[in-house]
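For reference, the chain that follows is the form predicted alone, supplied as structure tokens.
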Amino acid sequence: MSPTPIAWQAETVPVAGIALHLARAGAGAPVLVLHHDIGRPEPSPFDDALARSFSVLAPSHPGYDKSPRPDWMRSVRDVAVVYQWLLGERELTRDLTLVGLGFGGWIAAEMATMAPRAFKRLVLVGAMGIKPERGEIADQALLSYIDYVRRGFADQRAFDRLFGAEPTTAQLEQWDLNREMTFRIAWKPYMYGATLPHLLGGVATPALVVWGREDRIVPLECGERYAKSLPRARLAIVEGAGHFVDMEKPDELAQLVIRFVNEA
């Protein structure tokens, strides 16, 4: 028997002059899920799985998917401040778990450095934000939209199930718009923050760093560095998954997060 479909509710929240799109579902402890640079797939099996155990908040980043582009925004840290503002308005801090996926993991890491003891748990999945010492983060400017997204999957059949063998024109256009926003706020330096590694040592929040074994977007060494830099972190590697662990192994990732959040 297939699981009962999750009913998502959407609202627009005014923050910093932005009409931020926010989707909500589930009940229980709050979890903020921050999506990849390619956006949030709809439906998202991973978000649905979390919503069966928690109250999930799934915003569209400013300038991505359903949130308009703010002309003033110029850095990933700006996005992190907007989300801190959102959480302050909702009075959600100490009991909240931050889950950041890829690009959203970088945002989550920045948020954690701003409030080192404010969150219950921090989960970083294939997070950008740290410069690799040996490899490199895949450069979107050198790849087509489709090739970049396909590169994030270890099993191309998972891509086809989510987006189709030939993604729609609307999907391609949205990936293009999302990529433009990424270049606006994360181009120089590309996909990492020069200050972030120096600030992670102050984060007291227990952290779970998750990486796909076959991640070809962000090298595994970045996950190892996150796990070493965060004082209360451990690293979990998901076999048979690429960068988009949440799309390729949604149930496995959800179980990792659920167990971690519920630990005593």
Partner chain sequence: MHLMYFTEQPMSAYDAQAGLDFGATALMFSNRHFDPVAGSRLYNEYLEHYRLAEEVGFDGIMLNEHHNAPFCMQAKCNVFASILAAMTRRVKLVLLGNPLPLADNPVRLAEELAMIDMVSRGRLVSGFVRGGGQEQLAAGVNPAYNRERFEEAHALIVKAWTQTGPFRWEGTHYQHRVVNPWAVPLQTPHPRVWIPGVLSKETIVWAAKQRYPYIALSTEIEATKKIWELYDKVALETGYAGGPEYRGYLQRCHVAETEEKAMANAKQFMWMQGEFTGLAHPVWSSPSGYFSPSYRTAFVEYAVGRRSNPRGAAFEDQITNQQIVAGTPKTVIPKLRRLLEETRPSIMGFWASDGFVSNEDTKTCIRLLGQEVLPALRDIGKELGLWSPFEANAPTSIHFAEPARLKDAARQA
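Residue numbers count along the first chain shown, from 1. Since we're looking at a predicted model, the values are computed, not measured.
From this point on, the text means the form predicted together with the partner chain, which you will not see here.
Based on heavy atom distances of at most 4.5 Å to the partner chain in the model of the complex, which listed stretch, 150-158, 121-129, 73-81, 99-107, is the contact stretch?
-> Answer to the contact question: 73-81.
The partner chain: the contacting residue among Glu166, Glu89, Glu133, Asp95 in the model of the complex [heavy atom, 4.5 Å] | Only one option qualifies, and that one is Glu166.
Could you tell me which one of Ile137, Ala115, Leu162, Leu143 places a heavy atom within 4.5 Å of the partner chain in the model of the complex?
-> For this set of options, the contacting one is Leu143.
At a 4.5 angstroms cut-off on non-hydrogen atoms, which residues of 148-180 are near the partner chain in the model of the complex? List them in order.
-> Those in contact are Glu166, Pro167, Thr168, Thr169, Leu172, Glu173, Asp176, Leu177, Arg179, Glu180.
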